[in-house]
Every structure is written in C-alpha cells, then in structure tokens.
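Shown here is one chain on its own, the form predicted on its own, set out as structure tokens.
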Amino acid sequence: MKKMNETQLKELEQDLDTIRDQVIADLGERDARYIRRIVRLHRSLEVGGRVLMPFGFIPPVFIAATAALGISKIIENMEIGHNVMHGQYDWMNDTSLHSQTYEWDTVCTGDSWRRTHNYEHHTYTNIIGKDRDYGYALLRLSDDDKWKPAHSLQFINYVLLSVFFQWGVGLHELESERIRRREISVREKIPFLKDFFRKGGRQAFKDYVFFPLVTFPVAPVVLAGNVGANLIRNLWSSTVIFCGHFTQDAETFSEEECEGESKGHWYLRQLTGSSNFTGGKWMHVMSGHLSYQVEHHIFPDLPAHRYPEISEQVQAVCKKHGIPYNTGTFARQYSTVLKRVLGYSLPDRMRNRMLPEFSSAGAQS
C-alpha cells in the first residue's frame, strides 16, 4: 500500500468527502425513480419467467423462462438487495427499501449479511485475519496463508463455491474455520443455524417444491428451470464479487499497518484493495454497479447508479495523490482472478516459476 503521511491522508479524506457531499446534496426524485423502475423490472422478469416456465417443454421457451428468472434473481440480489441493505435508499423513508428491514431472495438472511458484509467486510476490507470475505476461508489467495498439500485442490473449492454461492454466503457466518480450530463451538452458532435453516428451507421449498408442485404435470421442467435460474444467479454474482476483490492488483493488508487508522487511511485501503471492470450500461446494472467496486468501497451508502457519474472524479483524486486506480475489461480482471486462485494452489517455488506476477517478490500483500 502506498505510504502517505497524516497530512496527505487528511487531504485525501477531504477530496473524497467533497465528492460524497456533492452526491448527497443532489439526492432526490431521480434516484427514487431509478430504484423503483429497477424493482418493477425485477418483478416483471420474475413473473414472466414463472408464467413461461410450465411451457418449458418447448426448448426455446425453456431457455427464455430460465433466463428471465435468472436475470430477475440477479437484479434483485445485486442492484436491489445488496444496495438497499447498504442504506443507499434509507433517505426515501420507504419501508420496502430500507436497509434494516429488507429481506432478499437468497438463502443468506438480511441480518447475517448486514453483520458479515456491511460491517465485517466493509470495515476490514482485505485485512488478512479480519476480513473473512477474502478467500471465504476456503481459498488461499496470498502468502499470508502457508501452503499445504490440500491447497492443490482449491480450484475445486472455487468451482463449488461459485456453483453453490448463495449457500456458501448463507453459511459464511458459521465461521467453520474457527470451529475446526476449536476457537468456538457449534453450540455458540445454534441461533445462527436456526435462522439459516429457516430461511434456506423457505428458499428451497419455494423453488424446488412449491412451484414444481403447482405445475405438477410439468414439474420436472419447472424444477430444472428453477435450478438453472439459481445457477445463473450464483455463477454471475460470485464472478462479479471475485472480480472486485481477488484480482492481481487488489492489495491485501496486515492488521498492524491498519491499527488505529484514520478515515483517510481507510479511504486509501479501500482504493487499493478494490478492483473495477469496464462494460456497458446493462453490464453495470446486472453487476449491481459493483463493476465500480472502487467507488462502492469508498462510498457504500451512496446510490450505486451514481458511481459511473463520479468515477472520473475519483480517478482524478487518485491521480492527484499517486494512487493506482485498478480497472480493466471484465475478461482481463476475471483472468487474473483465475490465475490467483490457480497460482496460490501451487507450492510457492512452482508458483514463483510459473506465475512470476504472483511470486513472493512480485505479489502485493
């Protein structure tokens, strides 16, 4: 991470606070119309997908229905649920769009997400030992974890995490790695597990029992379509999130260098620990505007559809202070994610030889 003195950090803080204050002062009807339009789009796609699904014995209809339902889940999770639960629309005083009451269409409960993501991840972004989202306690992504033979198979874990992403996120608060180390007991997690099974059971019943049953003559078709829609959502959302945090240029940090950090230092850590990817308007909508992960991490409670508007200002601040602004095409960023996952599955000497960009000397940690 770039070294800056307190005076420089204070100036960085003031520059970014100015951008934030400008957006807050301009919030209003345009933002309310936007999120309500996105909610209508999500609902229309879901209803369309559910209505078409029983006719899925016709292959083109099956593809259209599965795609519509999958896209509706993506939009609800990424552009609505994730952003609403960050408090981006609390100022509207609309209980259906309030951060503390919103419950989204996925296995993870809203309360668990607010604890593990909004607080833990956004407070301790990429701090090894504090941010459990970095690798999800399943992946070795830096030299901070000593290589073990089991890491050789971690790409399998990566694929499984991607395929079953909503279940992995739902179980994240279990802290299974701490249970394995006997730091905590399963008994301590019983209240969480009750909530997890209650919410997960409702989600599984809705998609895999209720809707197939009400269309019984074509239940296998509907079941297959619902499985496909959830798979589409899981693969896309996991890939977007990984591209925001696990790229080659996303830095990691030690607890020592972040101890007692100022707001300016927190801003610096968010800027250097996050990654963007480029794309068109609908790429940004489908990613919940997490294609602007840098902007999201410095301003998590600003409406995400504003990130494209302030991106040039953020880049100008980075240039002024000599801070790298990590962005690239989706393909480039995702390729570096895959290289990181594969690279750190190898013994260190082999990784240093085969992937020098992730060598002990060249990697940022």
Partner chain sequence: MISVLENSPTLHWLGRQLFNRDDPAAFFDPLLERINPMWVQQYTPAMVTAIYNETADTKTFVLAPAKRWLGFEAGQHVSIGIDIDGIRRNRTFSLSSSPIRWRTDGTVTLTIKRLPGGLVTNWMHDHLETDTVIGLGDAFGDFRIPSPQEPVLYIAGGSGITPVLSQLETMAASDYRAPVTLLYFVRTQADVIAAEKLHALTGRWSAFTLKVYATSETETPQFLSDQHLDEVPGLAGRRCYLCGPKGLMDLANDLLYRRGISEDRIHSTFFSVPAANLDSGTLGGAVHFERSNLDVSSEGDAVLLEIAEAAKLSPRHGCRMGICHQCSCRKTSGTVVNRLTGKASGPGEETIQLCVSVPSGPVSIDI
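It should be emphasised that the depicted structure is a prediction, and the values quoted were computed from it without experimental measurement. Numbering follows the first chain given and starts at 1.
We do not show the form predicted in complex with the partner chain, though everything after this point is about it.
If you check the partner chain in the predicted complex, you find no heavy atom from any of S162, K339 and D348 within 4.5 Å. Under a 4.5 angstroms non-hydrogen atom cutoff, the partner chain in the predicted complex lacks K130 among its neighbouring residues. Looking at E103, you'd find a heavy atom of it within 4.5 angstroms of the partner chain in the predicted complex.
Interface membership of L174, defined by any non-hydrogen atom within 4.5 Å of the partner chain in the predicted complex, is ruled out. Although the partner is absent here, D111 is a contact residue: one of its heavy atoms lies within 4.5 angstroms of the partner chain in the predicted complex. With the partner chain left out of view, the stretch that reaches within 4.5 Å of it through heavy atoms in the predicted complex is, among 221-229, 198-206, 257-265, 288-296, 198-206.
Site annotation in the predicted complex: the residue of M283, A137, M92, I179 reaching within 4.5 Å of the partner chain with a heavy atom is M92. Between the partner chain and the residues K189, H98, H151, H122, the one pair within 4.5 Å by heavy atoms in the predicted complex involves H98.
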